[in-house]
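For reference, the chain that follows is the form predicted alone, supplied as structure tokens.
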């Protein structure tokens, strides 16, 4: 994997037929949809990929099939976050065995931990990892917002970058500032609306959920940001905001982001819209709204 990892690296949804069955044809269509859209890499088994709701067997099947489908055309990294260190290492070792390029580590979830405990955890797990690793700050799911100092320690241990999904743009800027003299250390926004600012300020890219639907839009916005084409950034950002306002906001539950993306992909005839337990897919009324919104977006987004 060429460093730094940069560009648009979608947090790929996991196409499912039911809780135990991967939508294999859907995965194939989704991978080709993303690669043909020009994305720079894939992030499997992240939050958008519902990793923590899937069995190890299903995670491994997804990893293996994705590796075979991508065939090293672009880098593929995989989330290994788990409540146990052994579980994380099991997925990391399997990912290495089937040819993936890297792993992504967020803090073990459920029990709250301190910054010092997170640093000690890294000191234990990193020497056992078979692949390069990125850090993943996701305080909304892990009960800890990793400090810049914790990320600095991760880099000292060999981390090749960090994905920031805190939603705190000042924190994102502080990461870019802290590692500005380390050009191979990737600073990647997990909040897709921050993509232009990330690049203009000196970061490297975005893990953008909307790129599951419209990969070319996000690649074009990334390129416009690299080229500092402010007018093009303005036009493309407005389209990106429409995705946020429409597809991510059907219904009242916080799960509407994942459900919205999966339902939209189903409307596009790419994959099934099944969502792993305990989240449930949209019903007829919500699906009708998503179809209407996708018709609108397809008229606007090239």
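Positions refer to the first chain, counted from 1. Just so it is clear, the model here is predicted, and its values are computed rather than measured.
Although it is not shown, the form predicted together with another copy of the chain is what the next lines describe.
- Taking the partner from elsewhere, residue 212 is found to have every heavy atom lying beyond 4.5 Å of another copy of the chain in the model of the complex.
- The shortest heavy atom separation between residue 292 and another copy of the chain in the model of the complex exceeds 4.5 Å.
- In the model of the complex, residue 190 stays away from another copy of the chain, with no heavy atom inside 4.5 Å.
- Another copy of the chain in the model of the complex comes within 4.5 Å of a heavy atom belonging to residue 54.
- Proximity to another copy of the chain in the model of the complex, taken as a non-hydrogen atom within 4.5 angstroms, holds for one residue of 131, 74, 113, 157, which is 113.
- The stretch among 147 to 155, 204 to 212, 101 to 109, 182 to 190 whose residues place heavy atoms within 4.5 Å of another copy of the chain in the model of the complex is 101 to 109.
- Contact annotation for 234 to 259: residues with any non-hydrogen atom within 4.5 angstroms of another copy of the chain in the model of the complex are 234, 237, 238, 241, 252, 253, 254, 255, 258, 259, listed in sequence order.
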